[in-house]
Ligand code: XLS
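One chain follows as structure tokens, the form predicted alone.
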């Protein structure tokens, strides 16, 4: 039976055009506007940071956090949507300048754990067991400032605290090789899954793959997908595109390299991604020059490209491809793929 897919994006994917070098180019929109946009586009779920659900979370009491989380849950339900995941946005806080779980300051490490525990509470109210950990500040600008082995031990200790707080919670590590740190401690899926084995409950620690992050590591996202699914650990997916080793661009899926996108879809198809309820999330942003009236095109286009590539994957002449592989006629195989994408 052909795999069907469910689609997702986050409030930050309707961005205002800010980049590392310039200010916004579009006015901000309310959360309610973004919920309505998601419903209009026909998406299935929304992914969240903790402070997307509870703004100014560090200033709120547990009772306020519960109340505001329930309000968001109702808004999702009224729109026929669900929450896909929640991530603690640790990298924005002044408490995490020197890292979060791996800070040299024990009080700051405790802050990161406490906030992550509040994130778990929010996720439970929203009805998801998936906590995504983008370890943005877990690395160094200066090798001498931290002990790499000690930092891995601190990461494992933090993960164990979160796993122990709720027996249904799953942690999905989202690796990235650099940005904002000079070097990250868990830069690839291989690193993430290796560290998972050191935790108190490795079966509840998996990963999220983002296309751009794999490209920034000099890897092919399709290979990362195959690797993670070999372990049964690909629990979420952020599809986008990236024009080389620049800052994280979050281009629409397939925008920069259609063939790389095609092979990602082929990897998802052969591994039956989504059969266990996973979503296809588009972590994409409008181009900075986009006018407000064209604001949602990047999301609609990413899904359209994905579905077209699903068709291309399912109609690719695998029999012919296997014959060419057996004959080691890789020139012809190369052209077979190009002709198929070109519609010949």
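Note that the structure is predicted; figures quoted are calculated from it, not measured. Positions refer to the first chain, counted from 1.
Keep in mind that the form predicted together with this ligand is missing from the display, and what follows is about it.
Undergrad: Could you tell me which one of 84, 241, 224, 210 places a heavy atom within 4.5 Å of this ligand in the predicted bound form?
TA: Exactly one residue meets the criterion: 210.
Undergrad: May I ask you to choose, among 109, 118, 233, 176, the residue with a heavy atom within 4.5 Å of this ligand in the predicted bound form?
TA: Partner contact (heavy atom, 4.5 Å) among the options: 176.
Undergrad: Hey, in the predicted bound form, is residue 185 touching this ligand, heavy atoms inside 4.5 Å?
TA: Close contact is absent here: in the predicted bound form, residue 185 is far from this ligand, nothing within 4.5 Å, heavy atoms only.
Undergrad: Any of the heavy atoms of residue 312 lying within 4.5 Å of this ligand in the predicted bound form?
TA: Residue 312: no, not in contact with this ligand in the predicted bound form.
Undergrad: Answer for residue 91 alone: is it within 4.5 Å of this ligand in the predicted bound form, judged on heavy atom distances?
TA: Judged by the heavy-atom cut-off of 4.5 Å, residue 91 is in contact with this ligand in the predicted bound form.
Undergrad: Is residue 248 part of the interface with this ligand in the predicted bound form - any heavy atom within 4.5 Å?
TA: Taking the distances in the predicted bound form, the answer for residue 248 is yes, it comes within 4.5 Å of this ligand.
Undergrad: Within 4.5 angstroms, counting heavy atoms, which one of the listed stretches 168-176, 119-127, 270-278, 144-152 is next to this ligand in the predicted bound form?
TA: Checking each option against the 4.5 Å cut-off leaves 168-176.
Undergrad: Relative to this ligand in the predicted bound form, which residues of 133-165 have a heavy atom no more than 4.5 Å away?
TA: Stretch hits: a single one, 134.
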